[in-house]
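Here we start with a single chain on its own, the form predicted alone, put down as structure tokens.
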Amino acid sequence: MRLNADYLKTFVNIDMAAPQLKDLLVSVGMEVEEVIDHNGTPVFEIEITPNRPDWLSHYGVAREIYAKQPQLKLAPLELYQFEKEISREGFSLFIEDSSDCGRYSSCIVRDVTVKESSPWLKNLMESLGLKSINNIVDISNITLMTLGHPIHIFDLDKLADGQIIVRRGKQGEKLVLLDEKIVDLTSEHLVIADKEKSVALAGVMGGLETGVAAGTKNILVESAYFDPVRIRKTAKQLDLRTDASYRFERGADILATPAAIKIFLHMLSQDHGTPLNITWYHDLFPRTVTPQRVTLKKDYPSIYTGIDIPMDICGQVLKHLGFKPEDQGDQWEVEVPSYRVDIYGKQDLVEEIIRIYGYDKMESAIPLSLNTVVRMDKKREFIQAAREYLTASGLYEVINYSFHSPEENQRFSAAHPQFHSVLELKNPIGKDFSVMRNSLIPGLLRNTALNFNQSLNRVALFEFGRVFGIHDNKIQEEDYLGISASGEYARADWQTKKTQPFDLYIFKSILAALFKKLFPEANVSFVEKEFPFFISGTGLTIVLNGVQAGYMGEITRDILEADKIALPVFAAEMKLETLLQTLKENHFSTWNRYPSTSRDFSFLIDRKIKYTQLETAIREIKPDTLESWELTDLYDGKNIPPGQVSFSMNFAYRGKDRTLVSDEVNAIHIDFTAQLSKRLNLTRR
């Protein structure tokens, strides 16, 4: 919307340069996009938020300036005075549905003179980006720019049978608009009609046939309130955006229809230089409008904003904005003006008060919290930590659809035996997306195949997602983490000369490192188990603190062939709920400032004993001073007895409250390794 600074001074006696006026407009919430110089007059191009239709007029803006600077004088609107009801004409109004048109005010003016607009009026029209047509039409447009309420002028002599009907359009009915566009009307469109035909598209644009032209002598002035939703739909369907529809669809002032007519008549009488011959006026108001009332505690603005706002200032701001606060002791009963269609509750009133009082008076401070204990979102924190680690390890996150083909679900039905049956879609987009997924792995396999088809040599992926199924006739949803890897783990370079592909042990090490990162105190083990979708001997159950959390292994060749993947693929899937139960809340603990010392231990162990069994035994019998351990060497060659293998391990010891001396560490190490050897029948080397 454009705002002419000189015309604005008609309503509020501002005396400031364009930059200062721009700052003032911005301070009350308007966005000034551009300041244009029009023949020496500043014209502001302002952007209005959809909730403030009352700003779409010069008088509405003047009211805001007055509220911000009440030392200025807000001039009343000049209205043409005439009898309340004039009926010297046999003319009638009829509204078919009051929900479409809540009010219709209209009058007949005879013996008007249609002519070229005065230079002042033409200059004002041009500054506001409007095209001058004739004095009657131009004055109606300036009325819109003054009050913000659209009006329309009909050539009275072109209306049939002295009647106006506000109704819906009829199927097959056509209307030629003022811009000569022909529209096909339907029952979705609201129209103004005479006894025979539609003459205007209500709230959007008038019809060409009944428009004011050079030969017009008698006019009918329309000022109405139309349903915003109906106008918005009509304008959108017909691709018609006008100044009138722009205002009506945001919510016009239902009480402003008579004032809009009287402003127009005042300007018209000024233009003619003589009193007007008004022969008929009628205000059809079929439904009662009750003013909106809001109760506002006097101390609430200060409580809500966090700053001390004097109560008398709160009341004054509301009055200057046109509200009517009734003092009721410790509170106000505030009557909301009809042009403020955006006010519903006490928070809205506080926003008005602080907007005028000044946002700059609000302090930038962190609000105090009433929560004595703050808890982080455990699930979100876990996902973020796992995402950061996996990404740093060279894996890429993917997001797949939750739909699969029945064949994909069948291949992995054994992954989640708790789901008794598959959840099928009633309206699938295709067979390949006809069931809800029961595993994340099929999606990862499709991603792997797609990336290999793009000539990638390494595809390592992970996904956080939900799997679905039916248990006891109820739909079940569970969150999982899926991981897959295939192709090159490490590519050949000038030093290694050889590519290292992903294998089961490398893939397992990625998972083990993830668990060590996220669950440093957890007992993690990988237990052999057969899965129909993993190659025999590669399937492993992932156990955290004795609870099965997931599984991993190498995908069978038949499944890979179905997805057209030539290289081995290693995959894992873990239930987030189980992982979260293992995850402990992080607590800060100071680092151990005492030095550590290490001892080596080499021994023979039975080949049938799994490394996880060895680690479990270490965890169960380790002394408090044992901080960490690692396998440093494995040998099963010459001089090793049949059925055994040679291990070398390093054990690190550290005191918690003092530095351990060498003899003390030796004694602890000897006792510990003796217990370990006895439990697993180890032979020291």
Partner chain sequence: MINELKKEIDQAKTTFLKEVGEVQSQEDFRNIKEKYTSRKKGILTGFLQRLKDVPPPDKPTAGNAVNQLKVLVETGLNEAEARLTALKATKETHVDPTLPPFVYPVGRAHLLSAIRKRAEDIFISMGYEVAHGYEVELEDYNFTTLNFPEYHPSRDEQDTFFIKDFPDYLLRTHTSPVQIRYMKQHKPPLKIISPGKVFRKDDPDATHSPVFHQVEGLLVDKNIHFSHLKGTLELFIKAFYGENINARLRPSYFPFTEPSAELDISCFMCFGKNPLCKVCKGTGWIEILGCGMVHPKVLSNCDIDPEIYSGFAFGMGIERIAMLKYEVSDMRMMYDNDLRFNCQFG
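Only a predicted model underlies this, so the values are computations on that prediction, with no experimental measurement involved. Just so we're on the same page, rigid core means the largest C-alpha set that superposes within 1.5 Å between forms. Residue numbers count along the first chain shown, from 1.
Below, we refer to the form predicted together with its partner chain, which is not included among the displayed structures.
When its partner chain is placed as it is in the predicted complex, are Ser269, Ile313 and Asp330 each within 4.5 Å of it, taking any non-hydrogen atom of the residue? Result no, not one residue of the spot touches its partner chain.
Does His189 reach its partner chain in the predicted complex, with heavy atoms at most 4.5 Å apart? It does not: once its partner chain is placed as it appears in the predicted complex, His189 has no heavy atom within 4.5 Å of it.
Does Lys426 make contact with its partner chain in the predicted complex, using a 4.5 Å heavy atom cut-off? It does: once its partner chain is placed as it appears in the predicted complex, Lys426 has a heavy atom within 4.5 Å of it.
So, Ile133 and its partner chain: in the predicted complex, are they within 4.5 Å at any heavy atom pair? Contact check for Ile133: no, nothing within 4.5 Å of its partner chain in the predicted complex.
Its partner chain contact at Glu363 in the predicted complex, heavy atom, 4.5 Å: Residue-level check for Glu363: yes, a contact with its partner chain.
Its partner chain isn't shown here, but in the predicted complex which of Leu72, Ile609, Val229, Val527 has a heavy atom within 4.5 Å of it? Checking each option against its partner chain in the predicted complex, the one that comes within 4.5 Å is Val229.
Its partner chain isn't shown here, but in the predicted complex which of Phe82, Phe94, Tyr594, Tyr396 has a heavy atom within 4.5 Å of it? Contact residue from the list: Tyr396.
With its partner chain left out here, work out from 405 to 413, 381 to 389, 213 to 221, 514 to 522 which stretch has heavy atoms within 4.5 Å of it in the predicted complex. One stretch meets the cut-off, namely 381 to 389.
For a quick check, can you give me the residues of 241 to 274 that have a heavy atom within 4.5 Å of its partner chain in the predicted complex? Arg241, Glu249, Arg250 sit within 4.5 Å of the partner.
Hey, does Leu440 budge by 2 Å or more at the Cα between the shown form and the other one once the core is superposed? The answer is yes; the displacement is at least 2 Å.
For Tyr389, decide whether the Cα shift between the shown form and the other one is 2 Å or greater, given a superposition on the rigid core. Yes, the C-alpha position differs by at least 2 Å between the shown form and the other one.
Establish whether a shift of 2 Å or more occurs at the C-alpha of Ile219 between the shown form and the other one, with the two forms superposed on the rigid core. Moves: no, less than 2 Å.
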